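Subsequent text provides structure tokens for two forms of one protein chain, presented individually as structure 1 and structure 2.
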Structure 1
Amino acid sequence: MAGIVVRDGNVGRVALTNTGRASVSYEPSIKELKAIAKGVEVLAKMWFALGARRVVSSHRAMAIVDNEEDVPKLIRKIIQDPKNLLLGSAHPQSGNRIGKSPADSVLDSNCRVYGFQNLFVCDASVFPSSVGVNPQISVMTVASIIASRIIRDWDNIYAELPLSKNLGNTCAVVQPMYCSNNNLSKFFVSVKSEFDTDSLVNSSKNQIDDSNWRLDPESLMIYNNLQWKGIYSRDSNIQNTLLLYFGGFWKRFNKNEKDEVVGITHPYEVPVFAKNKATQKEIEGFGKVILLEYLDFPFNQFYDVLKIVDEYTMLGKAFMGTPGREILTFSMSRKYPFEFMTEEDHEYLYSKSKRPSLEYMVGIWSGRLVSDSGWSDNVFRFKYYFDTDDKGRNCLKNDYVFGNILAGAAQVTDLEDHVEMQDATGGLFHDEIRRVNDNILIGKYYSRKSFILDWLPQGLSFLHADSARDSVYLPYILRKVGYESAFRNQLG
């Protein structure tokens, strides 16, 4: 076995999608293809000269070369049909290259990220271009130089810099949905809450509408004041992880006629609506807190202790019995990142979204199912591309892969307010899709109610009953991951 290593130009692209994920695409130019073809030619001829009867290539359309006369055919295929050429690299470089200007580079010559005062990168990604030889010594050299410069300038420049306000996906008291149990507990003790029980009260409406729901198109934060979304810590051991993911619940509060703050706690996926009452208390060890007592049996053996962090965020601990035995620590938010969207958020966002143009849909999209308690991983992929139909007309086509197992092609129809897809299930299921922004589509995988309930395991938490029709659907979000990334099980 032998391989060819080519020094390439800057032909790859690494970008961030709107949901903050990496999107990587790589398309070799003719320069790289010619160099690869030349290397393949030399290697193939070498093997035949050494007595090989057949040569195996990494071009999928001509994986076997039977004799030396066929080598030029393989070379033509590499140059004319690069999409079928399998490439790999153990030396990726230049993803965050150093340069003079942020217009075409990520870092300045101190490896500091443009636009940041104290964010540095020192690894193979900083090289302005491919070094063309094994990179490890250069990586270590860059890291040593940059580390010594940071140490040199620490006291004068970096030590006093304030931390960024935009925290990304990190655990912090104002975004506790990213925290482990240990961190939540530490925050719970340290927070000094100045908010009273009135601050718990949610929207007076029973339905989601523009007065209690909005999505910030820039930050993709969802504000939903119909209730507080309760989220367990990221490392909590909730049973049934497969279906419920992080688990979760909501609490909704209102004022009764006696001016008391009362509420309901509802764990997602379970038909429990436990009534409770909130009062202010001073508890030793916790300071000023809100005590939430459950009113009816069997829930009245439990109580929660809440601390409000800000207008949108609170932390809580659940206890059982008297004296209370601590069961768990949780957080609650009425403003949360897109990826914590509930089925209700999904339904409302879909109703407010518009049809995408077919041109916009071209590319590879990765899909996650949405449930109240958490999203699934990326469990399916769609590829949209223009092609001709059997009558020779230009049309948008779709290939899909579910769980890297179930692959097929769906028919795409452009309708007045959404794009529809019929897959190989012969009309039993269909997709309805709208656009959220440049990188995100929102969709529903519809079925007749009776059929899907017979077919799916009971209690599947991703299934959502349509409030307007006699149907159920799987709510999902599609994120654009590139144009020609590796699309497994591609048909045809």
Structure 2
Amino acid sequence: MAGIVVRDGNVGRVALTNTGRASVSYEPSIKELKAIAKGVEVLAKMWFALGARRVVSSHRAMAIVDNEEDVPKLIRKIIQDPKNLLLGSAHPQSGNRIGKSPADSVLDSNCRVYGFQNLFVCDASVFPSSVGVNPQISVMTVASIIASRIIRDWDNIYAELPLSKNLGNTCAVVQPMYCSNNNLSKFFVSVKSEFDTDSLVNSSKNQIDDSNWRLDPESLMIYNNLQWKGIYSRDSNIQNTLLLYFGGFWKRFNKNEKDEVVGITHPYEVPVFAKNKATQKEIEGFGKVILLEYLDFPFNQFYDVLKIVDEYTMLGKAFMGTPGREILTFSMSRKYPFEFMTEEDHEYLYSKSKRPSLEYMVGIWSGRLVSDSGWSDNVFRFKYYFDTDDKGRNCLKNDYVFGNILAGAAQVTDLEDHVEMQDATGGLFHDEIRRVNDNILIGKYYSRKSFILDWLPQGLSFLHADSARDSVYLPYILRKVGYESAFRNQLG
């Protein structure tokens, strides 16, 4: 066995498909093909000269060469039919190339990623092109040079950079919505709550308004004091996945005439409003906690043990019976990240959002459906671009892919308070879209007035009833994920 190693040029491209998947395209140029062909010719002749009865090649259209006289035929196939040539790759390079401009490069001359203050790359991907040999020594050299520059400039540049207070999508006791069940249980044991039952009390209002709801446009954190939103752990097993998408709940607390803290627990998808009473207790094994006892049958067979982390965050365990069999561990928040938005949050945010300009919408957007219990994964993709209509007028158009199976095009119309999209359904369905910030759009996919409302159960996941219109819609959020590839005639 023998191989041919060829130093290729920058002839590949990585892009995103309409469904958000990675698309890698690579075809060797004629220069590489000639080098491969020459190598195959030398090796094949060598093997026959050494007594080989046949030679196995990596070209699928001519995998077996029975004699030296057929070698020229194999060479022609390599040059003329490269798609059937099987290639392997070693030491990939130039994926994050250094350059003078972010227009054609990822890194500046200090290996710092364009657009970032303190993100560096120091491996073979930084090379402007392939070096053609094992790059180990070159990688070590680049890493040493960049490390020495970072050390040299640390006090004057990097030490002065402000640290971000954003923890990201990581599990922490102050943001337990990203935690697994095991981590939630550990936090529950370790937390010593200094808060009393009065800390549970929510807004006295019965609906969202500016006094009990707000969105921080920078951190994209939602503050909702209408109730405590219950959030299950992030475990990926079947049982928890079903809870995430078909479960979910909220708890709302107030004070009664006896100055007791009482509340309601409501599962989003079920018309149940279980009354409860909160008292402060010292429970062996848990310490100082808030005991939540349910008052009416059959819910009085259950109780919750709560620990308040801070004014926005709570950890809880649910039990059945006395002394009690543990059912689940959960967290509750009245300040939570954007991606934990409920349908009610979505509706209120939509009412406060403004119409986007058509120019702003140009680009590629990834969409997720919003429901009370949990958001969907990224299930659709929009591409907005300017083009001419059948009358030669310039207009904004949309290409969409939904669920990786349904694709089509829509016409975009600029209306007074929103942007509307009409697809090929003849008016049966349409989108209404507004703008949240520079990278986020908020939308509703409406159906025409329909008999569906006569049997639609309240709170059905991802399908929201709009009683004002006697209609239903899918609430969703769009995030901008690209610009250039939104235009036609470009890959991706």
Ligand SMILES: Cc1cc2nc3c(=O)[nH]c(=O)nc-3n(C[C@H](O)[C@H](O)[C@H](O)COP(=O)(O)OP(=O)(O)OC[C@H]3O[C@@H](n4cnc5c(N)ncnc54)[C@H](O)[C@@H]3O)c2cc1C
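Throughout, residue numbering runs from 1 along the sequence of structure 1. Quick caveat: nothing in here was measured; it's all calculated off a predicted structure. Each form is matched to the other, and the largest set of C-alpha atoms that superpose within 1.5 Å is called the rigid core.
Structure 1 derives from the form predicted together with this ligand, whereas structure 2 comes from the other one. Relative to the superposed rigid core, the position of the CA of D210 differs between structure 1 and structure 2 by less than 2 Å. Fitting the two forms on the rigid core leaves the C-alpha of G115 displaced by at least 2 angstroms between structure 1 and structure 2. Core-superposed comparison between structure 1 and structure 2: CA of M62 displaced by 2 Å or more. When the core is overlaid, the C-alpha of H91 ends up 7.4 Å from its other position between structure 1 and structure 2. A C-alpha shift of 2.5 Å is found for R469 between structure 1 and structure 2, based on superposition of the rigid core.
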